[in-house]
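As a starting point, one isolated chain is supplied in structure tokens, in the form predicted alone.
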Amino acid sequence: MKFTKRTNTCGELRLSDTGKSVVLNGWVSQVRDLGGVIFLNIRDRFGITQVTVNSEYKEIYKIANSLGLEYVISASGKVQQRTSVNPNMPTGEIEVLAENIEVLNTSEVTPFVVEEDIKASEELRFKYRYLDLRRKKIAENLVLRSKVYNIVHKYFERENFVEVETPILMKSTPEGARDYLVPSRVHKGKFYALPQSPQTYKQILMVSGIDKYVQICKCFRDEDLRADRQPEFTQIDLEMSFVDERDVFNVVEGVICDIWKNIKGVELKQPFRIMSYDEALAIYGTDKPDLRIKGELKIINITETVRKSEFKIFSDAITAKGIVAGIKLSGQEVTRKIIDGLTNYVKSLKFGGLGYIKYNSDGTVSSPMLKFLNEDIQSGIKNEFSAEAGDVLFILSGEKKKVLNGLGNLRLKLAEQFNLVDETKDELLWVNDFPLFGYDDDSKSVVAEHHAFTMPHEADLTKLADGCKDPAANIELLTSIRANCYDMVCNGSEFGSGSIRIHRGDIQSQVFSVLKLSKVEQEEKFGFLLGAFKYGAPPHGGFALGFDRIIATLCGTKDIRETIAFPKTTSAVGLMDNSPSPVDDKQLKDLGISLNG
């Protein structure tokens, strides 16, 4: 089919182009017939331009009068200044006076109007994603994503990294999240797995001598989803030999700074702040603290201050080796209704209630707890929080981890309710020294917090050697071991995670002993990696940045699906292509698979 090709996009014409003959190709986004004059808005991914059709051009006017929304057209004409400027459009000072219009394709009535202030439900948008992608906001998100791809590739090329594609079909090693399994037709009864991470492959690349590996790769996890999770996601995956934690930090900070400078025009300050896991939990109640909150709302542990209190709720918590801690909110009007709402919120977190002390502007103090606290304890609490008139303290008590987590959530709730988050800046930091092991209540056993190949702190190697002899009897000792593991956090979201890996066989053997992996299991699951380690594994470490989360942050959204061309729903369904879908019996028979139920 022959048609007149565009000379310009629908977003680039300005007053300086007045008098120029142009051709625009795009979709009709609006038709206004004012009787004798028809105004068309024509759209492509670059923007929208108004095309004016006068009735004196009878044939063109007739064509324009037949156009519907989302028709694909080619419009030719001259650029002229508009009599009524539209300040909301970059092209709002000009219009194209039509001299010819070609209809390249028609469109049925769309299930929703393609507009920025869209009225359609998420389900409808995802089902007709190709229409949703015509919206400027979504299209710009994808363009930004493309720009970040290029920045990342150029950065790692400058840093002398080698881009290596690792397999999509790999061996299943069911650790952590569930694998997506792919049955083999040739080897009936056997399965590949889609990678949750290229972890084992990139470590083998370090053994091979490819000392700087990077890849922007797809990963897959068959797990329950949230707005910031997808069954398939993209990460910037890297690994380096002969490095320590700081070396990894420098490289990852460098690519983040490059992205922020090129996309946002912002120079991030290096090095990023470093905070230990224990410090993050103690001060912010989370290992993903949002440092943009005005006043910070730090957690203050007042256990020792109230230890001799006769307040039963406090004394019961302390007797059970728990803690009493709280947060100070300053400069806000806190009504009884607000306190009741916050109380109901902490009850949803499985707390019996929320203690509070309100220091009124008239110098009085309000709190139902005061009658249980003597003057010395009241004074001690005030000093611990550096409380002044206008401040309100919110206090929880109970098991340590539960209290810290509860206050961490309350901190975010207060920040949201009182608009305390500074949206004008991004706060990035490293959280390191995570526990090497955790305790799983369901299996009643010690488990790896990150993965089985994370190097313990050198100072804690003695603990590992002692604890691995009888893991069941040394749970407290083993869960106190720190790992050379680290996360990057931005605005309260985890941007990525990594670690220095185990490269010594004796340490790896001790970790496997703690995890109760038999020699047979070790060989079945990780034999190919352990085999490679026998031939000279260098010290190495790496990191994986969540590409989708980075793009979402740059686009100013918390929902990564707004930055992905064809996302799944929170139930892992592709509404546009109706995936996952059944397959016919012949396909199953070829694979040697029968379905139950």
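Not measured: the values here are computed from a predicted model. Numbering starts at 1 and follows the sequence shown.
There is another form of the same protein, the form predicted together with the RNA; it is not shown, and what comes next is about it.
> Does the RNA get within 4.5 angstroms of any non-hydrogen atom of residue 298 in the predicted complex?
Heavy-atom contact with the RNA at 4.5 Å: absent for residue 298.
> Hey, in the predicted complex, does residue 46 get a heavy atom within 4.5 angstroms of the RNA?
Contact check for residue 46: no, nothing within 4.5 Å of the RNA in the predicted complex.
> Against the RNA in the predicted complex, would residue 54 count as a contact residue? Criterion: heavy atoms within 4.5 Å.
Yes, residue 54 is a contact residue.
> Does residue 69 make contact with the RNA in the predicted complex, using a 4.5 Å heavy atom cut-off?
Taking the distances in the predicted complex, the answer for residue 69 is yes, it comes within 4.5 Å of the RNA.
> At 4.5 Å between heavy atoms, only one of the stretches 116 to 124, 240 to 248, 129 to 137, 160 to 168 reaches the RNA in the predicted complex; which one is it?
The contacting stretch here is 116 to 124.
> Whether 7, 291 and 411 jointly form a contact site for the RNA in the predicted complex is the question; each needs a heavy atom within 4.5 Å.
Zero of three within 4.5 Å in the predicted complex.
> Just to be sure I understand the contacts: of 223, 316, 470, 310, which is the one whose heavy atoms reach within 4.5 angstroms of the RNA in the predicted complex?
After the contact test, the surviving option is 223.
> Only one of 525, 482, 382, 229 gets a heavy atom within 4.5 Å of the RNA in the predicted complex. Which one?
None of the others qualify; the residue that does is 229.
> With the RNA taken in the predicted complex, which residues across 446 to 463 come within 4.5 angstroms through any non-hydrogen atom?
Result: 448, 449, 450, 451.
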